[in-house]
Structure formats: C-alpha cells, structure tokens
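Below you will find one chain, with nothing else, as structure tokens; this is the form predicted on its own, and questions on how it binds or moves follow later.
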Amino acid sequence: MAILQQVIFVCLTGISVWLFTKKAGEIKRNVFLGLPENLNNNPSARWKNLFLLALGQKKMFKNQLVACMHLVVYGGFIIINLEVLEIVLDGILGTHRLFVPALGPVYLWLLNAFEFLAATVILVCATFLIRRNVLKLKRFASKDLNGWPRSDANYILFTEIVLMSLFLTMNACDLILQSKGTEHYHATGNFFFSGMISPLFSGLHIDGLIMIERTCWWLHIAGIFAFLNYLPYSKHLHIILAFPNAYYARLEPLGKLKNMPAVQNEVLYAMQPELAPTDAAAPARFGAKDIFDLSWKSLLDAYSCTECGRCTAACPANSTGKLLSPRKIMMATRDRLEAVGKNINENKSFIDDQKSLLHNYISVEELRACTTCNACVEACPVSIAPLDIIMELRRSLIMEESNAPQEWNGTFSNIENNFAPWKFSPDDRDAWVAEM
C-alpha cells in the first residue's frame, strides 16, 4: 500500500511540474513575440529595484496597513512553501516528517513560525474577501473586473484559506497521534496554533485521526500543485513575474518618451535632403497596432499585472469619467497575447485572425483620453508602464491611420509650419518684444 501511495505521489508531482513547465514555456514564447529591447544596463540599479519593489514591496507601503497585510500573505506563500519541500520528499520516499531527526529543536521553531503565518494568512485573506465583496472598494468594484477577473481574485483568496486550514488541521491530528505513540508519528513537541484546535479531535479513534491527517496531507499538497498550475492562467502570476519585471524596469526618468529614429531621420532629410541615402528603406511601421509591434518588456508588463487597480485609481482621466483605465489597457494586452498564443498552438505559427490590439481590444477613445502624466506608472507596485503601450498605439493611430481629432490636426499643422502649437509665425511671436 505504501509503495502504491509513493507511485501515485510521484506521478502527481511529475504531471504537475510538466504541465506548469509547458505553460510557462508558452508564456515565455508569447513575451518574446514582442520587439527586442536591451534592458541589461546598470545591473546594480536593477538588482536594487528587484529587492525593493518585488521582494520588499516598497510602493505598497504608501498604504501601510494594506501593505502589511499583503506582506503577510506574500511571506506566507514563500516561507510556508519551504514546508512543502518536506512534504514532497516524504511523498517520494514514503517517510513522515523527514526533517525532524536532522533539525531537532529547530524543527519545532520552524513549524511554529509556519503555523503563525498560516493563521495570519487565513485572517488576512478573509479581510481581503470582505474588502472585495462586502465593502466593495471602488477599485475592486470597477467594471474592468466584471466576469472572470473578479472571480479569479476570490478563488485565490478562498484557496489560500483552505490550504492553510488543511495545514493546521493536519498538524492538530498529528500532535494527538504523537501523544498516543502511534507508529511513524515522531515526537516534535507542541505546535502552538494547531495545539489550540487539537482538542476538537481528541475524542476520535486512532484510525479516524490517521484518516483525517492523511486526507489533509494529500489535499494540502494536491491543492498546492493545483495552485501552481492555476497561476499561469491567473492574475496571481505576478507572484513569479514581479521579480523579472522589476529587474527589467526601464530606468529612464518618468516622462521621458521613447525617440523614434525613423521620424527623426525623416525630419532631418526634409531639412537637409543631401544627407538622405538613395537606397533608404521606408520604416516598417510607426508605433504599434498589435502585440508584435510592442517591446517584449511591454508584453512582460501585461503578464505581470496584478489587476490591483492602483493605476486606474491614480489616473486623472479615469477620475473625470473618461473611458480610459490603465488596468484595462494591461488586461486587454494580456488577453490579446493569450489569443495569439492559442492561435500559434493550434496552427504551429500565427495565422492572421483579422484582429489587432488596436481597435479590437483597445479603443480610440481610451487612447485619446490619456494625458501622459505618468500617474499610472508611478502608482504601480511592480513598475508596469501602461503609458508605453498607450503611446505606441497612439503613434500608430496618428502616423499610420492619420486618425486624430480635428483640434490635434490643427496643432500638428501649426507645429509643422510655425514650429509651435500656435497659429502665429515665428516673426509675429517675437513682435511683443518691440512693444516692451
């Protein structure tokens, strides 16, 4: 029987790791459908970003209470999964609490720390569920999250509560079995939190206790494997991608727009035709119409989005009732990426589906509402830049489709003819000096 359980566990582990690796490979492929961009400069600043933004969650601490709660869940996710290593090894080797002999008294200290995190994770996740579904905070009640995104967040929080409850229940039964001298249940000392609930199970027979402990053990590890394979389809993929996204964040000052050498050269050749090469090829495209025209970093941003809504809450255009929502820009980009990835999976290479990120996923009205103030970039906890995507799509609208409001066209014409947004020649603009 024990050998059969080991075989089942090894198969479960292998299938879970294979499925996760397969999906992770697809996501990596999708990200690199974007244009190349070199973001390897200044590694010291990049490592600093990784530790402060991804690991230390520096930007979250603008709201200290929420930041502390989030840090508990995040710390619980990372640290408690050290306990998963023992469970995995126990499952493969057919042992029970493999690390007890090696760690001695340290084991009890670690398990009590894990239980403290488990208990606080349950409390914090319950609080987050109340914030989302009872208090209905504005940024969580937004129509951006209608449908799957809202359910996704609730599923994750509920799953965290269930996994931590299974962990504590498993330990509570284990403690009683230790006290009864049951075979294979090593004496570890008292677990503080599970010790408080162990009296609930003290009246059960040994066989019943073993059944509950083993059921919780299997459900706990199976739930973790299921959670692992749910991550790539969920906004909680940011648990993993926050680290590379923070490292590869653009280091230029906010507000510095990316130059377009093709446009710069066109202006240069218009002013100095003698510099124009005779065999110069026309630029392939100005701006971006689809995900293939965006930088790979912008696509990584889309997969890293936490859907927390801080960007949209900070957006002045959204606050005044405009259609623009930076969160929705990132979600739409990810949806388009997933659609393209599915297309590639089915056809081995991308087959034109007569759709594009611009128009089919993100509307002209959304793009025109942006004031380019960078509030969304500043607000993002993991250095996502919705503005980069907005600017590239807007450049395509203007320069590829000549699609701009009449007021903008007048400004463009003035800049082209008068070198300023106003309808006055340079000579007339200087006339006020003579009057002074």
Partner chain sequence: MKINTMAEMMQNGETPEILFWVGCAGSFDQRAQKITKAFATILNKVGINYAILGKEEACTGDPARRAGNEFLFQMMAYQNIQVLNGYGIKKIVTTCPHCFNTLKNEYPELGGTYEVIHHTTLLQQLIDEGKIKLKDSGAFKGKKISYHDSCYLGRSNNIYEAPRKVLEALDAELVEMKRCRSNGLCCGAGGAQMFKEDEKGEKRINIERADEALETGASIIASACPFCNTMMTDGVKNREKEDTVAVLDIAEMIAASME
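Take the two forms, superpose them, and find the largest set of C-alpha atoms that agree within 1.5 Å; that set is the rigid core. Since this is a predicted model, take the numbers as computed values, not measurements. Positions refer to the first chain, counted from 1.
Another form, the form predicted together with its partner chain, is not on view; read the next lines as being about it.
Using a 4.5 Å cut-off to its partner chain in the predicted complex, each of 62, 398 and 436 places a heavy atom inside that distance. This chain is displayed alone, yet in the predicted complex one of 268, 228, 72, 339 has a heavy atom within 4.5 Å of its partner chain; that residue is 268. Though its partner chain is absent from this view, in the predicted complex it lies within 4.5 Å of a heavy atom of just one residue from 257, 89, 137, 351, which is 257.
Interface membership of residue 347, defined by any non-hydrogen atom within 4.5 Å of its partner chain in the predicted complex, is ruled out. For the chain shown alone, residue 412 is a contact residue for its partner chain in the predicted complex, at least one non-hydrogen atom being within 4.5 angstroms.
Though the partner is left out of this view, residue 375 does reach within 4.5 Å of its partner chain in the predicted complex, counting heavy atoms only. Although the partner is absent here, residue 18 lies well away from its partner chain in the predicted complex, with no heavy atom inside 4.5 Å.
Comparing 37 to 45, 365 to 373, 24 to 32, 64 to 72 against its partner chain in the predicted complex, the single stretch with non-hydrogen atoms within 4.5 angstroms of it is 365 to 373. Taking its partner chain as it sits in the predicted complex, the stretch 420 to 436 comes within 4.5 angstroms of it through a non-hydrogen atom at 420, 421, 422, 424, 425, 426, 427, 428, 429, 430, 432, 433, 435, 436. When the rigid core is held fixed, the Cα atom of residue 7 travels less than 2 angstroms between this form and the one not shown.
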